[in-house]
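Okay, so we've got the same protein chain twice, two forms, each given alone as structure tokens, structure 1 and structure 2.
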Structure 1
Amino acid sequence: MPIEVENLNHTYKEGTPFARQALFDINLKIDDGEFVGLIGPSQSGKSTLGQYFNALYIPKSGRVLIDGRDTADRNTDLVQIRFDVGYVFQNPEHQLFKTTVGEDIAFGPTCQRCSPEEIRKRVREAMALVGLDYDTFFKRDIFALSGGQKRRAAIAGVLACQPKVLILDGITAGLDPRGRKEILNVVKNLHQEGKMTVILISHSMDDVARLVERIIIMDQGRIIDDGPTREVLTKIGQLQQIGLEPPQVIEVMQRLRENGFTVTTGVLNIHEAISEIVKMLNMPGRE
């Protein structure tokens, strides 16, 4: 299910003295099965753009096509698009509103008019996908969940609608290192095993370096770079210029190189860094 954006502009509070343009002439295409990181500093426009992908915003200037369907066309079924392109918000409290975990996850399939048997099946499958044990959490009060568990429940609620595209907006914000790692592993498995298109909206360079295959960088409402993860993240000067710090592992390798060590700076994780350092230490003539 490709997503195509053509000459998209967006202005907040248009027609008022407080008008502010948030998107400027955005053009891009995301193909089936891609794992994309949409990154940028605060107020760069990344979340605004993401909300066009599932028709939370409808273009007034430009076009957004979801699998060829123009979201601004009055004949387009926007409800179906929102089922096809699931959106998980940064704050799970904005998404979880039922009393128990099971009731909340079942809400989407119920709106899709699934049979009771199908609803139960989808809820069980969605909970398994995000690592929430059905017997333990099905009747658990939403407010009794930890932050990480709430994120999992929010993702499960979207997955129960069986989307073809999953958008995750700042889902690791506020989590401790363990919770962050667990959520990112869930996302990684969804892409690898479910063959799902995933769009990760984040300002964390370490998160996107671990997971995504392609990065789109935004700043002040414009796309300033779009390419393979390794290629984009090694442009340290470009990242720092817009207030983003490169992944820590890239910074470490860059400092080693600046101090005369023969290492490649284009690494994305600790395993690649260790391999580079070992290779350097084993070079002929080095004591």
Structure 2
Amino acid sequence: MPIEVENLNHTYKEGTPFARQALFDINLKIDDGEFVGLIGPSQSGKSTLGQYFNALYIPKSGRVLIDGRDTADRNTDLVQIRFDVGYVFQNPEHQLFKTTVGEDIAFGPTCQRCSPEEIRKRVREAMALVGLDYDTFFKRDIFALSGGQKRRAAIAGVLACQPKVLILDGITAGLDPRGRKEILNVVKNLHQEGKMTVILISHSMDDVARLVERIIIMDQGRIIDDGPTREVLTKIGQLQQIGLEPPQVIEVMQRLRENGFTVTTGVLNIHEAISEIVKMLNMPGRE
């Protein structure tokens, strides 16, 4: 289910004195099965763009095609698009609204008019995918969940609709390091085993560096870079200029380079960095 965006513009409060243009002439294509990081500082337009992908916004200027279906076309079934492209919001409390975990996850498939057996099956599967134990959590009160569990429940609710594309907006904010790792592993599995197209919206480079294959960088409503993860992340100057932090391992390599060492800055994790540093230390003499 490819997503195509052509010459898309977006203005908040258009026609009022408070008008603010949030997207400028966005062109972009995301293919089936891609794992994309949509990165940018606050107010760069990344969430606004994300909400066009599942037709929460309909273009007034430009076009958005989901699997060839134009979201601005009157004949397009927008409800179907919203089931096909699932959106998980940053704050799970904005998304969870039923009393118990089970009821909340069942809401989507119930709206899709699934049979009771089908609903039960999907809830079970969705909970398994995000690592929420069915017996423990099915009847658990939403208010009794921790931050990490709430996020899992919110993702499960979207997964139960069986989307083909999953958009995750700032899902690691407020989680502890273990919680971040766990939730990102869930996402990784959805991509690898569930073969889903996953779009991760974030301003944390350390999170996305480990995972995604392609990074799109946004700043002030424009796409300023788009390419393979390693390539985009090693352009440290560009990242810092717009107020983002490159992953710290890359920063270490960059500093070593500035100090006259011949090392590659294209490292994405501790292991790659260590083997590069060891190689450097074992090299005879200093260049």
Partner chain sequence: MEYLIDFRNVSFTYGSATENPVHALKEINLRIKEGEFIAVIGPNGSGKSTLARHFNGLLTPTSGEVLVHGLSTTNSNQEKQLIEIRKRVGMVFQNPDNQLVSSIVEEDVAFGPENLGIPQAEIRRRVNHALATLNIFKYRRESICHLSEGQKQLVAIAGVLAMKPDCIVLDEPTALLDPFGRKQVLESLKKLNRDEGIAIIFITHFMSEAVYFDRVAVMDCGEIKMDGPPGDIFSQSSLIKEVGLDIPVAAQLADELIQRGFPVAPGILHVEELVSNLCQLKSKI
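Just so it is clear, the structure is predicted and the values come from calculations on it, not from any experiment. Residue numbering: sequential along structure 1, first residue numbered 1. If you superpose the two forms and keep the largest set of C-alpha atoms that fall within 1.5 Å, you have the rigid core.
Comparing the two isolated copies of the chain, the second one is the form predicted in complex with the partner chain. CA movement of V278 between the two structures equals 2.7 Å, with the two forms superposed on the rigid core.
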